[in-house]
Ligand SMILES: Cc1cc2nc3c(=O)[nH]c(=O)nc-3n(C[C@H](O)[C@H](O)[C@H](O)COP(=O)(O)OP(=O)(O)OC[C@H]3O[C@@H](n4cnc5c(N)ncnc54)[C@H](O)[C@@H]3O)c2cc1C
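Presented below, as structure tokens, is a lone chain in the form predicted on its own.
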């Protein structure tokens, strides 16, 4: 390609060059328009929304992103950064715009005793593996490690260690970003804090993360995992809140699981104690006073790295049988602890495995005080419960898929009425008014930051916040 025709709104090759032409700047990487690349960028893990861009940039350097954002701004094109494509409702797509494929920005620049500096396209798997070799680890990890660092820092990054360390975005020391004006800026809590504050969990609205310095802590070598089973939601949430308050475990999550012998649901605390021999966890102390079905406790040991990669066999199986590539209309919200038993209990009374496509249901507590980022709305209570229906819809069945998405919206309306909020990775149809309500009272901060750092509304249109 030679450039972009601003009148015809199309790319121009050497052979077709005529009329007005905005030349593509010289790049270290490549800007491509082949069908396979555009199709990939028009899809994501959800396989629900498909918005085809005009081009895909595979950057060879950070400077490529600066050049393309400036080029896009001049030509009234939208830009979105796409990491591993694990969004599920078109969040990283850019209809008729340019999608930046961050996978070519995958260098780990430094790993030290207390920090690591990595490009945005680096996966957390790579950080874990290279960190383990140096005896360090990120404080907070999500359950699935084949996500890009830039991707999770744009949405938050929730995990089983959030109880101790907040979100992944709460453990960032410095960012290098490209604003919607095409400015390359380094920011931190002490340097351009106004930009740093809104980029973290800012859904890609103000700047594109191209590099991050993240906090690292000493890595244990082993994990002892505890699966504790409950038949009563009140006992389950009571013990979860107790474990959260006392901080007994290094990792604390939980699930709603189907009963083995009949219809209906039960509850499972999933916890892990990290250690390095010769020290070892004290099982009796860790489990003291809990009200689970003690005869059904399952306790097992694994390596720390093995635990972080625990769902690898599941994802490999799902890919092998094709389910990984089915639509995934996920529902992800936070419920005030005071309303969790009633809200989740009412859903489970009629919910079946068919309603989730046999996808897992996550249900576990977080301490809202541990999460400090301004653009991550949470219920106004000390404890909230993350509730996630990780649905899988059958392929080629738009009626069932649409019904699941509509059910997500109905459940969201209910959780808002009891003071709940959403996690913005999910498949919930949202209007501009919904975003205003979601970010209240921070909506004014969003609007002023958008005007300041992306005044032409170039960045990340897939979230549909300002369109």
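Residue numbers count along the first chain shown, from 1. Every value quoted in this text rests on a predicted model; they were computed, and no experiment measured them.
What comes next is about the form predicted together with this ligand, which does not appear here.
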If the criterion is a non-hydrogen atom within 4.5 angstroms, does every one of 83, 147 and 152 touch this ligand in the model of the complex? yes
With the cut-off set at 4.5 Å between non-hydrogen atoms, does residue 229 touch this ligand in the model of the complex? no
Determine whether any heavy atom of residue 435 comes within 4.5 Å of a heavy atom of this ligand in the model of the complex, and answer yes or no. no
Test of understanding: in the model of the complex, would residue 330 fall inside 4.5 Å of this ligand by heavy atoms? yes
Counting only non-hydrogen atoms and a 4.5 angstroms cut-off, does residue 397 reach this ligand in the model of the complex? no
Of 389, 208, 116, 161, the one that lies within 4.5 Å of this ligand in the model of the complex (heavy atoms): 208
Which residue, 97, 180, 204, 254, has a heavy atom that falls within 4.5 Å of this ligand in the model of the complex? 204
Go through 298-306, 74-82, 348-356, 270-278 and give me the stretch that gets within 4.5 Å of this ligand in the model of the complex, heavy atoms only. 74-82
For 438-467: residues with a non-hydrogen atom within 4.5 angstroms of this ligand in the model of the complex? 460, 463
